[in-house]
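One chain comes next, on its own, written out as structure tokens in the form predicted on its own.
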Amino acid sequence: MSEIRTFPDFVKRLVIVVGGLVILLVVLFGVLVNTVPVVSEFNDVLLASLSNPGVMLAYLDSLGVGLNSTIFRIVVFPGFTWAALIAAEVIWFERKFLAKMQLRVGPLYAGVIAGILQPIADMIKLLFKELTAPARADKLVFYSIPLLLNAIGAALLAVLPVSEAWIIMRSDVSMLVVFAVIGFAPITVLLAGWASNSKFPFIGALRGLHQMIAFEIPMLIAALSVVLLAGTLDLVNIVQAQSSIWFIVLMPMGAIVFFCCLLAELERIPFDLPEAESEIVMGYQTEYSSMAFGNLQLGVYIRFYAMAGIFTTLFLGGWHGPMILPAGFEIANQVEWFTLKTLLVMVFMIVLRGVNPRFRMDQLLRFGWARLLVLAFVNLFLAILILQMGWFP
């Protein structure tokens, strides 16, 4: 075959490969239909569902993988696939938005509209790159880190209440689950730096550990104020407690503290010291290549979406919002409001990346211990005062 030199050449080659695979699958499916009874039954259901989609939904329900099944919620919505799609488009949006802020072009060629297919092109490129690791790396741990970061983001999605009806796992202590899960992220970063057996990744990993010490305690205290007002550790009940007024109105100081700690937890500017491209190449991600790097980025952005959703749940009323859809679409309206609020929180974080410089380590520690911790305690006392004075039912 001819050498690929331009993106249109790449698209043509991709169409040929995908087209060949589709033809092969059609032929294989045709053979199985005439030889395997289960496949023949599925084919009958598939043909019947063309005129009545309810047939396919009923068939999937009979297999235990329908729209209301736990498997569907974990795999598709509001679980991993939904979060991965949002993560992919947020990656494109962040690159494009920051380019506009800095008077650059940004992604342009992959896709008809402003390079909107750039995440897909990047994924395909990473799939065909060579997977390498440093010679002295602990390869088992090294290659496990991207999967662990994806698992952390997926675990957060399990307790994230997208709407009153759409939640994977409801727990009376889901707030504790959130903090138990996010506590693993800095440890995973430290393992990534250690397993790489390389200088810059280990420096970035140690920086991540310092950030955890400086910011997780103020974050926990800010969340404790929300728990006191709501009177529950259940995230669903916390959202329901904000049906009349959002907690960001009652405790703006707590929202600011939690948001700043969120930036540090996600290692985003101005608290991106574990990566710090201009200082330590890419920090703990430096030695990763191919789909190991792709999985690492996917895990980072799924956690980005999940933590923005936690902020929405705790301070922005979760799924609450005016009814803008017709009657009978209450659940869809809740999902729409939750998603919109979460995306706005993510956009605000992206804006801060474009306008803020990076903190030094001493500034970061001083900011966490001498300012945010004090503000978190002040906010806690304010929450207690609100309860004692009966200002919040």
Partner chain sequence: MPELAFTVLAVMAIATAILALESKEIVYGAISLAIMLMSIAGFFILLDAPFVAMFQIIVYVGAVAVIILFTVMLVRREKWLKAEVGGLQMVGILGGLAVAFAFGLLLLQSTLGSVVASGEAVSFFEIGVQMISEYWAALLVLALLLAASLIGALTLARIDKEE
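Note that the coordinates shown come from a computational prediction; the quantities given were computed from them, not determined experimentally. Residue numbers count along the first chain shown, from 1.
Although it is not shown, the form predicted together with the partner chain is what the next lines describe.
Enquirer: In the predicted bound form, which of the listed residues (I71, L85, V112, A180) lies with a heavy atom within 4.5 Å of the partner chain?
Expert: It is A180 that has a heavy atom within 4.5 Å of the partner.
Enquirer: I116, I187, L98, M282: which sits within 4.5 Å of the partner chain in the predicted bound form by any heavy atom?
Expert: Of I116, I187, L98, M282, the residue with a heavy atom within 4.5 Å of the partner chain in the predicted bound form is I187.
Enquirer: Any idea which of 228 to 236, 270 to 278, 125 to 133, 317 to 325 reaches within 4.5 Å of the partner chain in the predicted bound form, heavy atoms considered?
Expert: Residues of 228 to 236 come within 4.5 Å of the partner.
Enquirer: Kindly indicate whether R104, W166 and E336 are, all three, within 4.5 angstroms of the partner chain in the predicted bound form, using heavy atoms.
Expert: No, none of the three is in contact.
Enquirer: Using a 4.5 angstroms cut-off on non-hydrogen atoms, would F10 count as touching the partner chain in the predicted bound form?
Expert: Residue-level check for F10: no, no contact with the partner chain.
Enquirer: Though only this chain appears here, would R366 touch the partner chain in the predicted bound form if you measure heavy atom gaps against 4.5 Å?
Expert: Yes, R366 sits close enough to the partner chain in the predicted bound form that at least one of its heavy atoms falls within 4.5 Å.
Enquirer: Hey, in the predicted bound form, is W194 touching the partner chain, heavy atoms inside 4.5 Å?
Expert: Close contact exists here: in the predicted bound form, W194 approaches the partner chain to within 4.5 Å, heavy atoms only.
Enquirer: I'd like to know whether Y305 contacts the partner chain in the predicted bound form, with contact meaning heavy atoms within 4.5 angstroms.
Expert: Output for Y305 is no: heavy atoms all beyond 4.5 Å of the partner chain.
Enquirer: Heavy atoms within 4.5 Å of the partner chain in the predicted bound form is the criterion; list the residues of 349 to 381 that meet it.
Expert: Heavy-atom contacts within 4.5 Å come from R366, W369, A370, R371, L373, V374, F377.
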